[in-house]
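To begin, one chain is listed below as structure tokens, in the form predicted on its own.
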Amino acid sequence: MSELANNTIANSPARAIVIGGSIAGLLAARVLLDRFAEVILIEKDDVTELQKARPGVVQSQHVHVLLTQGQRLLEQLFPGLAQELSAAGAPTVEWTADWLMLGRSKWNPRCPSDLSGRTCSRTLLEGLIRQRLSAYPNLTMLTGCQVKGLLSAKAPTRVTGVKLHWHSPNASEVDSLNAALVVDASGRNSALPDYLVEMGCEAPPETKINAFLGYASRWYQRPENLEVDWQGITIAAVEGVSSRGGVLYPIEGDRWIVTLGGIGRDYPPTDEAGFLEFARSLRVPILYDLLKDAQPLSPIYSYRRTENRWRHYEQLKSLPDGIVAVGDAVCTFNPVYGQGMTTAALGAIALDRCLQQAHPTKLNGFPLRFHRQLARILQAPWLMATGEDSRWSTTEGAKPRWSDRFVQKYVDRVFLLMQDSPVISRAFAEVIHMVKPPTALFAPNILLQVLKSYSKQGLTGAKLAK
């Protein structure tokens, strides 16, 4: 085991532990480093090679979008990270001007905006963040081990640390660690609900909505002589028209990641001929035309675990002190909407804000306060993802409320109008990139155009609600 840090931060609890080296775990560790004398991050994978995909991230070979809000928050946590991404070859993209987006029935207008960011592989981004964290003297990263349980006290009910399991046992390794705060960032397979039950506490209720999206990805070399005026392409699946979609995503090394997806178990094949034929079957064949002569750089990777799931810790009457969860351990979204990493960054900022408001050495009642604040952050991306997934008749799980159906009808009209309106298209992009809340789509200038469009068809507000 690595030598544990000995430095202290005045008036701070001695130690925090983060379970899992995911993006959510790394960002949680970053904010904890400013609040605790020592932070220990526990990761079961070997992460010594910065640019090597690790087994624990089965999606690492697929497209990972860092939305504009996520880019800004990461720059706040790691000043200069955007420059490091550019130096590593990550393209700079202005999302509304450089991207081809096929919407409901036509290509969305392209227009300038301040929505920009770097597009890169998940491996590059995660590696650079780990590299930046390694400079902190009060961080210890334990690899090759994982948490197998929680240490706890009953009076009052409190998590006091973690039990460890080492993949390569050594007599010198410890089997447990104490901590003032444990942060579960172990992803969608989090065992925290089970640990809570073992402690005699209540497990959180869950909401699941599954559109049964499956996707397949392949990496390609960008053709040398290709001259185009765009950086990437998205072809959306449209309910009632086509269950299939695809994205071409530029990354470092002059490469593309191309992901094809199908909703309602319309899964893309993983053989070369089937993958290309699936690309040709999209609403427009632009991806097929680009790929049929492009040089593949990887096998075809498949992924099908894409359900939305929210563990509602915020609904519990009580939570043991000393434990919180972040990232996919709390809420996972259908990955097609690209919200995961940005939501993880928002969660880290919320964790930092809550710790700032808490007593520096007493965290009594902190977990429930944090999870209630986190729930307010999760509400908007959850509604965006599940609202889209609920359009499909093949989707299973919780059904949208009347208010959600009303908003969906309204957004449908916004979709149609933005195909001819750069102003609405830009506003919608700001919501998608989580720079503005969904309520921005109800701004007077947009609401007026929506009402006028219904008025032209002789529709009333009552019909809009149906």
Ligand SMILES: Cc1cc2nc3c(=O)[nH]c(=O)nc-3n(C[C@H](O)[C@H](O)[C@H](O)COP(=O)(O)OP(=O)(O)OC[C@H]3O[C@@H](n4cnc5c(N)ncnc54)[C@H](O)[C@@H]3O)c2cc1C
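Note that this is a predicted model, so its numbers are computed, not measured. Heads up: residue numbers just count along the shown sequence, starting at 1.
Just so it is clear, the following notes concern the form predicted together with this ligand, a form of the same protein that is not shown.
Student: Residue-level contact is defined here as any heavy atom of the residue lying within 4.5 Å of this ligand in the model of the complex; does Ile432 satisfy this criterion?
Tutor: Contact with this ligand, no.
Student: Taking the shortest heavy atom distance, is Tyr215 within 4.5 Å of this ligand in the model of the complex?
Tutor: Contact check for Tyr215: yes, within 4.5 Å of this ligand in the model of the complex.
Student: With the cut-off set at 4.5 Å between non-hydrogen atoms, does Gln408 touch this ligand in the model of the complex?
Tutor: Gln408: no, not in contact with this ligand in the model of the complex.
Student: How about Glu388: is it within 4.5 Å of this ligand in the model of the complex, going by heavy atoms?
Tutor: Glu388: no contact with this ligand in the model of the complex.
Student: Among Gln59, Arg122 and Thr342, does every residue place a heavy atom within 4.5 Å of this ligand in the model of the complex?
Tutor: Yes, the whole candidate spot contacts this ligand.
Student: Just one of Pro335, Pro381, Pro320, Gly232 has a heavy atom within 4.5 Å of this ligand in the model of the complex. Which one?
Tutor: Residue within 4.5 Å of the partner: Pro335.
Student: With this ligand left out of view, choose which of Asn308, Asn108, Thr395, Ser186 has a non-hydrogen atom within 4.5 angstroms of it in the model of the complex.
Tutor: Contact check passes for Ser186.
Student: Could you tell me which stretch in 22-30, 416-424, 400-408, 435-443 has residues with non-hydrogen atoms within 4.5 Å of this ligand in the model of the complex?
Tutor: Answer to the contact question: 22-30.
Student: Listed by sequence position, which residues of 146-162 have a non-hydrogen atom within 4.5 angstroms of this ligand in the model of the complex?
Tutor: The stretch touches the partner through Gln146, Val147.
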